[in-house]
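One chain follows as structure tokens, the form predicted on its own.
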Amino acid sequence: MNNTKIDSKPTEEVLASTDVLVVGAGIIGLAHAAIAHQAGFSVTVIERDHRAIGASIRNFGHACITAQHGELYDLAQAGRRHWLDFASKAGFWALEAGALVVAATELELQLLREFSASRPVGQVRVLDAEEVRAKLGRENTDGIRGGAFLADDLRVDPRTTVGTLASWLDRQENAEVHFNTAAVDFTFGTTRRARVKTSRGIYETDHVFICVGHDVDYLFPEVALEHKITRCSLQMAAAAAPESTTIIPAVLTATSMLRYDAFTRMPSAPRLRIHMESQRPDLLDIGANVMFTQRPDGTMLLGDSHSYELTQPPFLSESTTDTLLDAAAKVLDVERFTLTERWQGIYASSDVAPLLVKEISESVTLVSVTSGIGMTVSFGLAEANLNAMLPAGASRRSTSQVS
């Protein structure tokens, strides 16, 4: 799919005026554009690349709603209905598949019992070993103590979702998506309107949402420094599914319980970390979150590791890939996977806060998810940000809240 709009405009020409301009056509940017358009605003999206190639297509396609905590949980739940709504409207694949957490030990199962007890009845259902085996399609329960099913989680196809959503949005009245168009400067004066200079000309707009993921430091280095944004690199791989294997939910493991806030707040979490440090230091050394999903075409998406640097080297470690694949193969009780692809994902990360929402000016908002859960909170975060700006941008629009 090629969404590029080729123009030959002089760079100083005012191309158009729009209510909302979004910089970045990843899932965060597109969610802001879709929610703004739904609220009745005219919307333009610009993207420097010819198509989506970043974190929005390099992930598991898992909206990990249930394992979030606090504000992130609220945003994830708020965005869930929008995921399903826009999947219906735009025609991308989305499934209320839930997530399966596999427990290999009694300690892991105890943590899942605690988690289930902390949530509304039915949201987290503790499973016995046989129920987990059935969901995995395995022939035996060797190495499985039990597990839990997280009912609210969603799955989408990461390779096709953002492209389909961008194409749909571009077909709507009062909405445009321009690829191969880079933002190079932002100016704002005494009026609330902003002017955004791009590689193809100037846009005037009531409000700009800058959604450039981990590249905040390219446009606003002082903000990136203040928020201590770095780049998290992860390794993932795709493989042909084992014969006759169909797995509906996303599959998580003990390493997942050490990464997501809702799990780490459980009483048994410290003991689980000590246990993993003793039994699987190799997984902790690479920042592993051993998990997998299955795309609609049957392909398994396997991963992942985590490392942190301001600039990430592009080279992938074979030993890291081997460690991840061996752990995933053990969960499925297969000898090995037949790999079809390997890749590096990069997303923004910060120890300061999991989200960056910064008002650069009255008419310019910088947005970055700095915790690796962009797919999960995208629509909920967009809704919150649009509701926050509506009073300032509502001179020609209804001031009713986004719904």
Ligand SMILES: Cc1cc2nc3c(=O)[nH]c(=O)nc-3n(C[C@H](O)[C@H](O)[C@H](O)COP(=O)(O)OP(=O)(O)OC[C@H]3O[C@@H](n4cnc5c(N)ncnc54)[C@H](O)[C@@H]3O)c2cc1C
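Sequential numbering from 1, following the sequence displayed. Bear in mind the structure is a predicted one, so any value in this text is a computation, not a measurement.
This protein has a second form, the form predicted in complex with the ligand, left out of what is shown; the following refers to that one.
Out of the listed residues 43, 46, 67, 35, 46 is the one that sits within 4.5 Å of the ligand in the predicted bound form by at least one heavy atom.
Exactly one listed residue, out of 366, 55, 39, 355, brings a non-hydrogen atom to within 4.5 Å of the ligand in the predicted bound form: 55.
Candidate site formed by 29, 304 and 347: every one of these residues places a non-hydrogen atom within 4.5 angstroms of the ligand in the predicted bound form. Heavy atoms within 4.5 Å of the ligand in the predicted bound form are found in exactly one of 70 to 78, 205 to 213, 85 to 93, 265 to 273, that being 205 to 213.
Shown alone here, residue 161 lies farther than 4.5 Å from the ligand in the predicted bound form, counting heavy atoms only. In the predicted bound form, no heavy atom of residue 382 sits within 4.5 Å of the ligand. Taking the partner from elsewhere, residue 23 is found to have a heavy atom lying within 4.5 Å of the ligand in the predicted bound form.
Taking the partner from elsewhere, residue 234 is found to have a heavy atom lying within 4.5 Å of the ligand in the predicted bound form.
Along 372 to 389, a non-hydrogen atom within 4.5 Å of the ligand in the predicted bound form is carried by 372, 373, 374, 375, 376, in order along the sequence.
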